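The chain that follows stands alone, in the form predicted alone, written as structure tokens.
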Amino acid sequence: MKLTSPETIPDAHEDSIWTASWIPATEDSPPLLLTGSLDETVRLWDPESKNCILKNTGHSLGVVSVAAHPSGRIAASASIDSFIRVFDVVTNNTIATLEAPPSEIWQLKFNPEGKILAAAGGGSASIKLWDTAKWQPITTLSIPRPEGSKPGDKSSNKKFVLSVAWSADGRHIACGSMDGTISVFDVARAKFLHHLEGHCMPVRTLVYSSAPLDSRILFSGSDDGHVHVYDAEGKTMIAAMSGHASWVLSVDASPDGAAIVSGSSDKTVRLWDLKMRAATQIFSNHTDMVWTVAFGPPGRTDVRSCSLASVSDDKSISLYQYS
């Protein structure tokens, strides 16, 4: 597997770009790229023409996460203003506005069926779930307090939740915390299952394998500079991969299940071969921290190929082809 040299869209936003997500193709549209920035806007891009085709100014503070619904029709964005905005991708009309306490939303993910929106709940040490039919809260999945701790105990702040990921079968959901732990939940039973250990610093990014036979495999990236591979159901760490010189801010899994990609505050993007458990390509095209890397959906004619996007504090978007 390999990535082509990137094509870059410079100054894609007026400020740091922290988040990106691919909008799946529909009958009317090819896959599109959604980005969110500290300039308070969400923008939609045509990766072929490199043109911005929609600009959303619905937030009053920086946008920290964007997520695309599997239908390709709607998307959601979360901001430091403590609101989640759900909007129609074509018309840009607001469908719903979900409110959370300040700094309580750090990452958004729709479940594979698109029926639930999950949000990493920040200082609430939880994952918040919304029903996407009525946009009403379903439940809050709370990380258990350490034994012997009391309500208000400052140690609970270490469970500040930064990242969230759904398993490919939608049965499980995981979140990464400030203290380096990963918590795994059974969604149907709204039950905490167990922690995954191994990181010693904040876990800012999580993604389950997209390969159908590997739905229990979870990848994580941390401020400790490592990328870990877990059997999330067996509670075991399969591999720890190192190479980044600083925080790992984002990981994503290729649609073919053969590789993952990572972005870091060391300004690089790395492609990792999962059989070799090593980085096979390193890109240094960004001039500042790489906040998000995101694989696009597989190609219609070649399911082993897809696009990849990376976004950065340098205000640029880089687009690669994976095959």
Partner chain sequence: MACVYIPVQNSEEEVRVALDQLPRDASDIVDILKAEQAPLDLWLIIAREYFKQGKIEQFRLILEEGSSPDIDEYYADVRYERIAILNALGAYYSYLGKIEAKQKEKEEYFIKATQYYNRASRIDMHEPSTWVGKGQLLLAKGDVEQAFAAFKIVLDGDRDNVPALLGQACVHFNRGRYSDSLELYKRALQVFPQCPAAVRLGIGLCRYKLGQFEKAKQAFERVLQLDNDNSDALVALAIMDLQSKNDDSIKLGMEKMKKAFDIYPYCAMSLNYLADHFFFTGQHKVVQDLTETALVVTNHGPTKSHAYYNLARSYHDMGDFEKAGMYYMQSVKENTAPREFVLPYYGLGQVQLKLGDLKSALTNFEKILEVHPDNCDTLKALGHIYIQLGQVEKAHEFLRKATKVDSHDPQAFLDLGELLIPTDTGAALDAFKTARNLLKNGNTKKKDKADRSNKGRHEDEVEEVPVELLNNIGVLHFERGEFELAEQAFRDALGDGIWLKFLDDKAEIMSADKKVEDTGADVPDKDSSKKSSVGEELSSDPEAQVDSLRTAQFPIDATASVHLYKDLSLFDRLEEQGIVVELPFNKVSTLFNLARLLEQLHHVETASIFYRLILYKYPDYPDAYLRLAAIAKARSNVTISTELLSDALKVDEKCQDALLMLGDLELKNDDWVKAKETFRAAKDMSDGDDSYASLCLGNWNYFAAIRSEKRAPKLEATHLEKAKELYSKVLLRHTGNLYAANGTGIVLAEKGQFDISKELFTQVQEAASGSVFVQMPDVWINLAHVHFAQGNFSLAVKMYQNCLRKFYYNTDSQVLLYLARTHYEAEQWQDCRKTLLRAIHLAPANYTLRFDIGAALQKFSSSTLQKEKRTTDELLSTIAELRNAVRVFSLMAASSNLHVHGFDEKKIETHVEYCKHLLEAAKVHYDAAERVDLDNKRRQEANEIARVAQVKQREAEERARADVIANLLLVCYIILFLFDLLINYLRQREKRKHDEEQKLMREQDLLLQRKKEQWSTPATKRKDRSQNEDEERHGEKKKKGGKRRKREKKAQYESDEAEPMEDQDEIYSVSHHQDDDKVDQTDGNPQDLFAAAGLEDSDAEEDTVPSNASRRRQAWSSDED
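Since we're looking at a predicted model, the values are computed, not measured. Residue numbers count along the first chain shown, from 1.
One more form of this protein, predicted together with its partner chain, exists but is not displayed; see below.
Figure note: of the listed segments 237-245, 129-137, 86-94, 165-173, the one touching its partner chain in the model of the complex, with heavy atoms no more than 4.5 Å away, is 237-245.
For the three residues G62, C200 and A278, a heavy atom within 4.5 Å of its partner chain turns up in the model of the complex in every case. Contact annotation: L108 falls outside 4.5 Å of its partner chain in the model of the complex, judged by heavy atom distances. Its partner chain in the model of the complex is approached by S124, whose closest heavy atom lies within 4.5 angstroms of it. In the model of the complex, I80 approaches its partner chain with a heavy atom inside 4.5 Å. Contact check for S305: no non-hydrogen atom falls within 4.5 Å of its partner chain in the model of the complex.
The partner is absent here, but in the model of the complex a heavy atom of L196, alone among L218, L117, L196, V251, sits within 4.5 Å of its partner chain. Residues M1, K2, D15, S16, W18 of 1-34 are found to place at least one heavy atom within 4.5 Å of its partner chain in the model of the complex.
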